[in-house]
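Coming up is one lone chain in structure tokens, specifically the form predicted on its own.
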């Protein structure tokens, strides 16, 4: 149950900062109290499913309200918020895709490629997820991982294709999302700093 509580506390940070600061600790405490009550396994599961589904809906509602307020008071901050939202949606899609791809490779018995995909994409994904909170650090990890993955992929493709240009193009195509995420994080970091200096 401790892991579930920690996950819930982590997801609470997806609320707008002011809302999280005001209500985050209280919401985490109420959720922990609910899980500490004597319940059957099915009752625990029911509480967890209900709370997590409510959490998702409530986060979207609060973020939308916050975005609408920012559009009126600070359009540049609203633009950064919208970009940040798009970034997060794409990171989730990216994570799901590579989990599916790795699983597919393992299912086909291609353990080496499956393992390589899991290892390198996990490192890249760590940078992407760190970027949710710490944009500069996430950008550095993501871009470094994308460059490393490009070089490794290019070497692997060149061993098969014996054509450095085709290998480089194939490797860049494979790692393009990593570079896109890294650049997006750099832009988000710059724009966020500009907004803070303007305030």
Partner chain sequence: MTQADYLPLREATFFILVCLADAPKHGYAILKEVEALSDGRIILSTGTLYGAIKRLLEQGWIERLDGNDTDGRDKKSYCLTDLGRRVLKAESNRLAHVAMLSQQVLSRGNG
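What you see is a predicted model, and the numbers here were worked out from it, not measured in a lab. Here the rigid core means the biggest group of C-alpha atoms that line up within 1.5 Å when the two forms are laid on top of each other. Numbering follows the first chain given and starts at 1.
Unshown form predicted together with its partner chain; subsequent notes refer to it.
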*79, 88 and 98: each with a heavy atom within 4.5 Å of its partner chain in the predicted bound form?*
no
*Heavy atoms within 4.5 Å of its partner chain in the predicted bound form: which stretch among 160 to 168, 131 to 139, 54 to 62, 144 to 152?*
54 to 62
*Though only this chain appears here, would residue 43 touch its partner chain in the predicted bound form if you measure heavy atom gaps against 4.5 Å?*
no
*Looking in the predicted bound form, any heavy atom of residue 29 within 4.5 Å of its partner chain?*
yes
*Check whether residue 179 has any heavy atom within 4.5 Å of a heavy atom of its partner chain in the predicted bound form, and answer yes or no.*
no
*Does its partner chain get within 4.5 angstroms of any non-hydrogen atom of residue 23 in the predicted bound form?*
yes
*Does anything in 36 to 53 come within 4.5 Å of its partner chain in the predicted bound form by heavy atoms, and if so which residues, in order?*
37, 39, 50, 51
*Under a superposition restricted to the rigid core, does residue 167 display a Cα displacement of 2 angstroms or more between this form and the one not shown?*
no
*Do you see a C-alpha shift of 2 Å or more at residue 63 between this form and the one not shown, with the core held fixed?*
yes
